[in-house]
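Just the one chain here, the form predicted on its own, laid out as structure tokens.
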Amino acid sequence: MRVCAAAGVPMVVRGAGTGYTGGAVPVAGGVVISMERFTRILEIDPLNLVAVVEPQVITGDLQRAVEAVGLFYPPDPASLEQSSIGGNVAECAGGPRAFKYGTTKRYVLGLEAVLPTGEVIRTGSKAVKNVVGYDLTQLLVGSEGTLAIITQVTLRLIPRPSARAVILAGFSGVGPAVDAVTALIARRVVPAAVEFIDDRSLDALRRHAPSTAIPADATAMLIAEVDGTPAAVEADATAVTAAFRSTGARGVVRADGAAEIEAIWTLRRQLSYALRATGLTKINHDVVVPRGRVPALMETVAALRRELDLDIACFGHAGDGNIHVNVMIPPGDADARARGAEAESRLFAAVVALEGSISGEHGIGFTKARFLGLELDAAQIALMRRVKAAFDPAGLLNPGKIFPTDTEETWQRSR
């Protein structure tokens, strides 16, 4: 990084390359710095409930390593068998279990990172409390590789839950499924995860990964996981089942064994691949709204389908309001692509109006940079640019990400 800084050459860090918003794409050229050799789990400390890892450790590998000693690392993006911890930290990844356990930022205690000018810094510590100076650790979490390159991560762990169960249920449509989530929250149950799958996503899943677990006549589906002590799991599973049945659930399936549970979650993780297998171009947006406004979000999506004549598939984390809205475009259809772009703009505007966010876990990258002004005002963006300049005065680290260009800012103001 010192060599590149001295030569004025842009730098882009690349981890596992599983991101959806182009964070690892060198849009301004320069040098791509691969983290592929930073693969070590340096320490698992059961006494202090922490793990120290290098950034290219695969998320699923870390989960298995800590679970082998009775501990638990909750963040579980769908790409957990491919995505790396460094990338999860850079994007502040979430996943289904974010409903109960929160996203990656809740588990990052400290970092080692290299600044664009070559200095190595260490932030935070193994201690769960640390209020010395500004919180540089959390500033770097979610910074999308624009402030520093992370080379080591200290993560908080928790005890592994002793029991878990998964309840899968089909519904006659999106409305009853969304109502079931509302009924569940009203019962004050906090599952580890509540996942929603709409009719278009289910159709793609049936073709790509057929399973008898999917109710044959369902046009929407929910998957909920509960965990904790055996007694708590039994009580919560009963409450979840009752909430689902209260809005007309059909084909309710409960899984308690590890293999059965994993089979259901494997289905869920196949959704993106199933939509890609349709042959349509999938434009994926991870919008999020307050969970009570998920019904309004789904009404927005229905209006976009109808008014713009588009195929839009939705699935995602209904428990925390983070829904993946996938605009499906026939390849080479310029008119559909234009309608898809309009759908993006209208979707993001509606999400902000619902007091939500245009990105819940995928970041901004360069694909959403032009929409930044929908959610953040000019003063906020200017302050963020000053933070960027403090870390990277020459603007060499991952240029072209997060912040819109002058042309894009002009475009956004005109919307």
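Predicted model, so just to flag it, every value in this text is computed and none were measured. Numbering starts at 1 and runs along the sequence shown.
Omitted from view is the form predicted in complex with a small molecule, to which the following refers.
Although the partner is absent here, Leu396 sits far enough away that none of its heavy atoms falls within 4.5 Å of the small molecule in the predicted complex. Asp198 falls outside the set of residues with a heavy atom inside 4.5 Å of the small molecule in the predicted complex. Glu144 belongs to the set of residues with a heavy atom inside 4.5 Å of the small molecule in the predicted complex. Put simply, Arg370 is far from the small molecule in the predicted complex: not one heavy atom of it is within 4.5 Å.
For the marked spot (Pro55, Pro77 and Ala148), a heavy atom within 4.5 Å of the small molecule in the predicted complex is present in each of the three residues. Stretch 88 to 96 is the answer when you ask which of 88 to 96, 121 to 129, 165 to 173, 338 to 346 has residues with heavy atoms within 4.5 Å of the small molecule in the predicted complex. A heavy atom within 4.5 Å of the small molecule in the predicted complex is found for one listed residue only; from Ser83, Thr247, Thr137, Thr300, this is Ser83. Screening Leu62, Val50, Met35, Leu354 for any heavy atom within 4.5 Å of the small molecule in the predicted complex leaves a single hit, Met35.
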